[in-house]
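Same protein, same chain, two forms; see structure 1 and structure 2 below, as structure tokens.
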Structure 1
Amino acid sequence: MTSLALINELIGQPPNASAHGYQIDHIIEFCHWFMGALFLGWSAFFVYVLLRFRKGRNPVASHEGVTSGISTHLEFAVVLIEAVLLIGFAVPLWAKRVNDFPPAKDAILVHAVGQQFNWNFHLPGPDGVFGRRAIDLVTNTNPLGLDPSDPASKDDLTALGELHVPIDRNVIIDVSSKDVIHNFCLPGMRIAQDAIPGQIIPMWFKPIKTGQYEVVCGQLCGLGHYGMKGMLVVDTPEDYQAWLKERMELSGTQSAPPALARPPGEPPPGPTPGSVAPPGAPKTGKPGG
């Protein structure tokens, strides 16, 4: 399988770092080898036709056309293989990613909000509840529009451009946008999701390797699109715990991260009534941000 995967390296694909990524890689590998075989086959056929039906050998045009059924069989075989790839592999894999989400109580919950041209990350604090966000509260110093009057937002954590998650834990990210359509793309995790204004679309993955992985915008979103990059850092549980503590101190919350029965490094489980719908679903009925 390593030799087959060589084609992914040749096209510049970064190494996989997620639990489900090998399935994506297998599909990409097969598609590229299949397209390579088609390229060689049709190229050989093209050269054969140039030689077989050259003017010197066929001075008079033949109007009978193709008399053999082999071309029909070849074309049917190509369509059949493509149908198997789509219906048998791609669609089931896609359905699993969008339908079979892990339990929220056992996952790291994050809100990722795109804007021209950066990514904002919002995590619940030790209470495990997202604070209210409202578009009318958005400022340069409060890019997510967190409501300071909401008790649930007092311990919330925010980060600009860089998100830390612990290794071997499911991560559920609710993706949205403040302005235009973006795309939250993690090539190293083999996952991506459009960020659409007014909508909250979840995505999930499970990192299996520590390290730094680039976050890019996969949709042309304006003149600064090329620079809309971020960083996903996969930490050990200890390093993730240290990052949480640092973010709490920077946000003015001096309390230490809570002690957890589950592996350390994430806020405790609990309901998320502050989940944005749209971001910061205001209790007053005003549009959220």
Structure 2
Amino acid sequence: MTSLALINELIGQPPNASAHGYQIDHIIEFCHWFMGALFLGWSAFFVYVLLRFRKGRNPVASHEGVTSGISTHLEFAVVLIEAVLLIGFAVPLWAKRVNDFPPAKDAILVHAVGQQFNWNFHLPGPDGVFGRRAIDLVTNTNPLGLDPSDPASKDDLTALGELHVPIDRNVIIDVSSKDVIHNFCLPGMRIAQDAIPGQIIPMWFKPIKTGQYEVVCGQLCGLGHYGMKGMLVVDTPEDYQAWLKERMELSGTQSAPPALARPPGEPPPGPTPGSVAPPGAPKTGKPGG
């Protein structure tokens, strides 16, 4: 699956590293060919006309000017090409992005929660179940508010800023935010998604090249916006396992919050907060996981 995005490379787009990315590059490419043709065509016409009909060369103007209907054909062609781009490429591509999520059981599942100015990642661990998170448990050492009393959270992994995924596996990331709107943007993977407080919106991609990829926060989120950088590391399966192990050990020591007994009157652990919209939250973004 090589990219044939010539123009894109020419104007500086870095190489694509995800399975679907070449399609995105193609549509950008087609657009640029189309725009380039229009631009060059009209520019040539424009320059010719300016020279040919300048006052010195053509002292008397013609009242009628152009009488042929050529421009109508041209406009029709534009409509046609735009329609093809739209119906043939853009709409199906988007449908694939947002409707055809790969089955969750075979995919790497991650929750990404934005905050000023960092990304928190939450992985379900070996049991595949995300532990409960609650707002009132949020502290500096427990930025996600993970509930240690929830059995499902025992094996969960959290990471700040850096996320590892294995190559050639589908990755589904549920994106949300604790404070303001951020945007989880992976230029290398040709994917991005707003992180909106009160909502959880999933996105997915399949990395096909190992390496390090910057996660950009693509939405103004305050004074540290410019430095809100995450890192996505695409590992070989072995390296990925090593990373998991390392995280596991770490969470066993420092980063895990002290195990508290559930305070009296506290309801039994429910689903992950955030995976159920809080009261009043817009109902977009179905429960994740």
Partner chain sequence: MDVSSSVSTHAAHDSHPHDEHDHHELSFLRKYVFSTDHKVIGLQYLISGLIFLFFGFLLMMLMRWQLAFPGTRLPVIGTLIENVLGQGAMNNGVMTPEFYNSLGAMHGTIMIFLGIVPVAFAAFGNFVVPLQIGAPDMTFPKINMASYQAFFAGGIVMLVSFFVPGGAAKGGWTSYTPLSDIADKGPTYHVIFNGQTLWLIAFIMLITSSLLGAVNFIATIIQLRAKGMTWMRLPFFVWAQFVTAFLLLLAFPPLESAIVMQLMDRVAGTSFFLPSGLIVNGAAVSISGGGSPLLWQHLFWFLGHPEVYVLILPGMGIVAEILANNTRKPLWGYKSLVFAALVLGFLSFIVWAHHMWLTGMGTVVSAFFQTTTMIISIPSVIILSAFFISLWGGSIRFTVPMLFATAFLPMFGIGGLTGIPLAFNSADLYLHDTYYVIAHFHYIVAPGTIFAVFAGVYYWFPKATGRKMSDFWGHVHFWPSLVCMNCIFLPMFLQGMLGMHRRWYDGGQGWTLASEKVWGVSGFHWNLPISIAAWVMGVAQIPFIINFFWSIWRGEKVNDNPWEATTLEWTAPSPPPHGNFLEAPVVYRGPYEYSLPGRDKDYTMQTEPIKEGERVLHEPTMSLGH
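These numbers come from a predicted model, not from an experiment. Between two forms, the rigid core is the largest collection of C-alphas that superpose within 1.5 Å. One-based numbering along structure 1's sequence throughout.
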Item to check | Identity of the form predicted together with the partner chain among structures 1 and 2 | outcome: 2
Checklist entry - Is residue 226 one of the residues whose C-alpha moves 2 Å or more between structures 1 and 2 after the core fit? => result no
Next on the checklist: My question is whether residue 58 is one of the residues whose C-alpha shifts by 2 Å or more between structures 1 and 2, given a fit on the rigid core.
Outcome noted: yes
Next on the checklist: Quick check on residue 43: with the core superposed, does its CA move 2 angstroms or more between structures 1 and 2?
Outcome noted: yes
Checklist entry - By how many angstrom is the Cα of residue 12 displaced between structures 1 and 2 when the rigid core is overlaid? => result 2.6
